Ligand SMILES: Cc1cc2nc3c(=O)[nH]c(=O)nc-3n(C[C@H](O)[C@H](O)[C@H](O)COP(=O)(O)OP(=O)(O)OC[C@H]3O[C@@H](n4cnc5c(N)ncnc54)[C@H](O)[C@@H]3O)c2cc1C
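This document starts with one chain, in the form predicted on its own, laid out as structure tokens.
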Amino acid sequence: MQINQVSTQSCQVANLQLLSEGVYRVILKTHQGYFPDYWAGQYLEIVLTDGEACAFSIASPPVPGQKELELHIQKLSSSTNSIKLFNALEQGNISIRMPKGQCFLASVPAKPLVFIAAGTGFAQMKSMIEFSLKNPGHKDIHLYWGARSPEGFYMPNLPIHWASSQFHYHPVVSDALEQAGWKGRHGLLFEAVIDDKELIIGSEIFISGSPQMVYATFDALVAKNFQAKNIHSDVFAYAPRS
């Protein structure tokens, strides 16, 4: 499979929209005709003026002649890097490097797909889900999206919009309080996946989250006889176990 070549280009920050819980929807427009080709699930790097690079999944599904890209970025007021990043975004023009990442879909496999996302890991899954939904022959798709509180589902209506007989949405809250009014599933994200084992055991599985979350999920699934070869995450490349 051919990997798209990485290139650097400047682009405009066309929109910076606060969604929820400090998460912003960022829309980039290219100054150079079209963005480079990429696969659903790949990421880009925003290159700051000091040369530091910040990686973010591309939330948009790839289309021919792509003129806009969507990112989901959480602003962390306690992080110097996050403050520098948002200063750059607010100035309106940034430099990006793309595409990157080995966890992607170049085509839709003839088997069920399971997407497991913590927080803004939803961005990577959004790209792959929307890409898959455009394929009329896709099999069942399951999205497990985990957040600490219901407010953490910063695009709450989108997975509901996707819902069909072949798309199944499983939001999971880890710190649900009775007074929050949450009536859905709660606990650890991988526990919800394991509870549904009989539905999804033969699926291709994609995980997006912190290295700690990804490896905890991987270990829990493998312990329940999910096949390691069918579990994919960018974490395996950028934060390999020693």
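So that there is no doubt, residue numbering starts at 1 and follows the sequence shown. Keep in mind that this is a model prediction, so the values were computed, not measured.
Heads up, the form predicted in complex with the named molecule isn't pictured, but that's what we're talking about next.
Note that among 186-194, 207-215, 30-38, 61-69, the stretch whose heavy atoms approach the named molecule to within 4.5 Å in the predicted bound form is 207-215. In the predicted bound form, Gln166 stays away from the named molecule, with no heavy atom inside 4.5 Å. Mapping the unseen interface onto this chain, Gln102 falls outside it, with no heavy atom inside 4.5 Å of the named molecule in the predicted bound form. Although the partner is absent from this view, Gln74 contacts the named molecule in the predicted bound form, with a non-hydrogen atom inside 4.5 angstroms. Contact check for Thr120: a non-hydrogen atom falls within 4.5 Å of the named molecule in the predicted bound form. For the options Asn157, Asn81, Asn135, Ser107, the one in contact with the named molecule in the predicted bound form, meaning a heavy atom within 4.5 Å, is Asn81. Residues of 28-61 that come within 4.5 Å of the named molecule in the predicted bound form, judged by any heavy atom, are Tyr43, Cys54, Ala55, Phe56, Ser57 in sequence order.
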